[in-house]
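A single chain comes next, written as structure tokens; it is the form predicted on its own.
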Amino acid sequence: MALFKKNPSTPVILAAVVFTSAFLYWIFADPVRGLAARVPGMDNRPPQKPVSDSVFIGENFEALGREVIAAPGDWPRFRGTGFDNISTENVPVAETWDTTGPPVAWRLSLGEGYAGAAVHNGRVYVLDYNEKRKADMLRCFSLDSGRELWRRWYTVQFKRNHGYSRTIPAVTDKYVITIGPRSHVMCADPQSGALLWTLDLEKVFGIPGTVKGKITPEFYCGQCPLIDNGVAVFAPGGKAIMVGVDCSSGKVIWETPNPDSLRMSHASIIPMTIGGKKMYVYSAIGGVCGVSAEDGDTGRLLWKTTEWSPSIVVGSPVYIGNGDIAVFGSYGAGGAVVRVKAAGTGYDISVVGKHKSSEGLASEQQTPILKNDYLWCVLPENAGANKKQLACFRKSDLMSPVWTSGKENRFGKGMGPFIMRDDKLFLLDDDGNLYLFRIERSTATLLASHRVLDAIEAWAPMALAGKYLILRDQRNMLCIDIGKKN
């Protein structure tokens, strides 16, 4: 400080000297002297191989066990036998749990995702993603013990985008079919795991002019496969809005043209009978359509509407009777009713009762359950005062709930699954808390609750087969014994 007082110009002189020295070094010095140009392998990494987009679907197989103890119960596809998420099996459910909760029959670790289970003939089928092998993997387990019996997989690389796997297999006595995150279809024998046929939906039905014929949504395929009378039905949404594949041969036997360029959503195809006509109904990106499911004109486009077209669709359509179909959109889009009425040789289509998520029945992730004349759902975060609550609506009025669980009984982010048997409803919230309700027409009474998982995003649909309830979060799957004890 004394120096500055004697000569006030000293700091300025010092700064000038430092700047001049740095400038001369920048001009004349060689800052990279002694450094070698970077070449592959110099950083001790293994040689990098170019990534091929060729995917050999189902190419690998591993047998792990044989014995399967017969365990009654069936949940052969998304939303169960009746496509309504209601189990009709005559297996009583325990109405109370002690402090330890319902017994856990078995548990296992999975790759990150939201794919639920299908159950058939004492076996559990899950489409997993093995992050170490970079592989879509169909895994088969014993329902009774949880022992893995076999696995079939194929290498396919893609970036994690809110997890990997999302879809539930469809299984019959002869076939088990999966759709992977990038729309790769695999059909195998459900007993032995033998590969029967494969189909790359993007390559076959991709949109010309797009990267790799892209048809798969941004957050990967969430469409669950459908098997109907020996025919696998898919909605690729590229060159064809819907296609049918013979399960015995793997040949495409019908295609539904797609002149309006409807795109694949995260919803699944739901069979419905409307006005005496069986049809496949699909909520696509860009609109809703119905395709004939009857012999003689299978695959014919019966009707479509582009009036209801939210940007993201996850919940599948629900038939509520009298030609009315409840449809749902995510991210605040809410819901609507598509009215389908026969008119001569065709159909009159109208969209009625549109509402936002804050105005009525809405679903961000799951598909509501229709029980008698009432629709049940956990409302999403953007549903206003009733957000995150279990709610009940008359099917004739989707804007005014007749019952809600109340603001003190909210369930995570409103994204978790729910499932029914008789008058019982199981609800799993995002954090792994399992709730059991008794349903009496339009009201629900909480019977029991227990934290079964320290969960992260427990959003996968559940399966209810016999006395077993199968549920999961991002990385863990549990099989819970919910049967009533003698």
Partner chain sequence: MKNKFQRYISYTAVIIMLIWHAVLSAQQQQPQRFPRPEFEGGYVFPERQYPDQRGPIWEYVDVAVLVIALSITSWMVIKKRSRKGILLMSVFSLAYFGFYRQGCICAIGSVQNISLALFSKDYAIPLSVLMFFMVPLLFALLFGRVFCASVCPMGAIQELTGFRQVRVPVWLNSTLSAIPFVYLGLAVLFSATGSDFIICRYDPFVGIFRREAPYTMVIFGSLLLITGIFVNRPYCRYLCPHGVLQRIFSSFSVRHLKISPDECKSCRLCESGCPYDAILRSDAVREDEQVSKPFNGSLPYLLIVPVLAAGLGILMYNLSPVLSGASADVRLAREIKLERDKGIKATSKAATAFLESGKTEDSLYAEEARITGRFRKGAPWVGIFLGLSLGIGLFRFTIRNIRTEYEPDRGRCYSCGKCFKFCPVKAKTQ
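Numbering follows the first chain given and starts at 1. These numbers were taken from a predicted model, which means no experiment stands behind them.
Absent from the display: the form predicted in complex with the partner chain. The rest refers to it.
With a 4.5 Å cutoff on heavy atoms, residue 295 does not count as touching the partner chain in the predicted complex; it lies far away.
Among residues of the shown chain, residue 164 is one whose heavy atoms approach the partner chain to within 4.5 Å in the predicted complex. At least one heavy atom of residue 384 is located within 4.5 Å of the partner chain in the predicted complex. The closest heavy atom approach of residue 455 to the partner chain in the predicted complex falls within 4.5 Å.
Contact with the partner chain in the predicted complex holds for none of 81, 120 and 421, as no heavy atom of theirs lies within 4.5 Å. From the list 250-258, 81-89, 151-159, 297-305, the contact stretch for the partner chain in the predicted complex under a 4.5 Å heavy atom rule is 151-159.
Contact annotation: of the candidates 410, 354, 371, 277, the single residue with a non-hydrogen atom within 4.5 angstroms of the partner chain in the predicted complex is 410.
Just one of 203, 239, 341, 134 comes within 4.5 Å of the partner chain in the predicted complex, counting any heavy atom, and that one is 134.
Within 4.5 angstroms of the partner chain in the predicted complex, the stretch 465-485 places a non-hydrogen atom from 474 alone.
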